[in-house]
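One chain follows as structure tokens, the form predicted on its own.
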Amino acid sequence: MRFSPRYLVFKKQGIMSYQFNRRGRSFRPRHQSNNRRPQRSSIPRSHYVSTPVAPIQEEAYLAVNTFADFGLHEQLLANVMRRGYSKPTPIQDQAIPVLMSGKDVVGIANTGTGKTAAFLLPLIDKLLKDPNQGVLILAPTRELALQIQEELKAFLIDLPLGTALCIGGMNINRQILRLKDKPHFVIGTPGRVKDLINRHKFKTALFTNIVLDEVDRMLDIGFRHDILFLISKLPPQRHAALFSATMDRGAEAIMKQFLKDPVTISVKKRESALQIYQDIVTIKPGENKVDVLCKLLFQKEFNKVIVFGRTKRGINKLEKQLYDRRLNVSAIHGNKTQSARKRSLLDFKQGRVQALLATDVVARGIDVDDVSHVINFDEPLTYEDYIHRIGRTGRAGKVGKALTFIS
């Protein structure tokens, strides 16, 4: 396991810190500002306690179409069948015909509803008929962009369409070289795509098909200005789709600037927080938070856990402390390289590590099955952040557990 070589020890005044190497033998002083105060959570403690609601038996959705009914390219349809898709999900059943007709779409849907295939399949079919155009897909996080890329590649087996992944944390020069090959699909995060446009390495003129995925997450992370910049650079005549789990004022403003006479499709499911046992863990005076966390992680039922902290530095420190206590954990945050983030997430998915330590921004792109527990080692700043965190557990009809540490 690899750790950041930087660990900080603060003097009480908070005006100086020391940076140690891995062996702790050398350090150098670094001046720090003392005017930054830690933000406090605005969430009432009562919001951290809840008993799961008994699952409601939702009426089974009867699809109007089969995948064969959509009129997809023969090889594309074969790839869909190879992926094990038996019948369309509600968002696929309703969105695919609309997108194939050339209309813009607003899709209001949770993660895990099949929305990625809902926009990929009609756009792949469109480019097979006319390969002299491109598709730009924007996602809020690197992890989500990678998931879209993986699904796209599975659908493109034995088809003459190329792709490029343009996200932060990876070598930008390699991405520039890939763009020179004129890929049909470009999947990226707003910040990296904006950077490529400003460097005149990504020309948007041919990208007349655009998808904004999980717009609410993009706005939460702070990509509003980047999104507006990108919209200003897109061809005025375009075919577009916007997907979001919620439609607040910010998302509606983006929708009005981005889409023309869109068809709105809503298949939002019941809030997953209702399927989660929620409680608090009180840290008593003199008690060490890390020791309390260790006691939990050593219990057998805590077999696949996501632990949330507020800062990258705090997550790095916690990773070392838990590793020193012989716990198999891995950290994931914005300062990690993309290869390190991908490796940590894969290790967690495949059970090679017991706990994944994450920050809020990265949490928005984590989609892992069978997470037994979510632990808020640091309280989230907002209730919306809290809901996003605990939503990593309690999926697919299972009851999850979420614990929040408070002092």
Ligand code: AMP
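All values reported here derive from a predicted model rather than from experimental measurement. Throughout, we count residues from 1 along the sequence that is shown.
Heads up, the form predicted together with the named molecule isn't pictured, but that's what we're talking about next.
Using a 4.5 Å heavy atom cutoff, P88, T116 and E151 all lie near the named molecule in the predicted bound form. Within 4.5 Å of any heavy atom of the named molecule in the predicted bound form lies no heavy atom of P183. Although the partner is absent here, F67 sits close enough that one of its heavy atoms falls within 4.5 Å of the named molecule in the predicted bound form.
For the chain shown alone, T111 is a contact residue for the named molecule in the predicted bound form, at least one non-hydrogen atom being within 4.5 angstroms.
Within this chain, R83 lines the site of the named molecule in the predicted bound form, having a heavy atom no more than 4.5 Å away. The stretch in contact with the named molecule in the predicted bound form, judged by heavy atoms within 4.5 Å, is 88-96, chosen from 88-96, 199-207, 127-135, 288-296. Contacts between stretch 154-180 and the named molecule, counted in the predicted bound form as any heavy atom lying within 4.5 Å, involve no residue at all.
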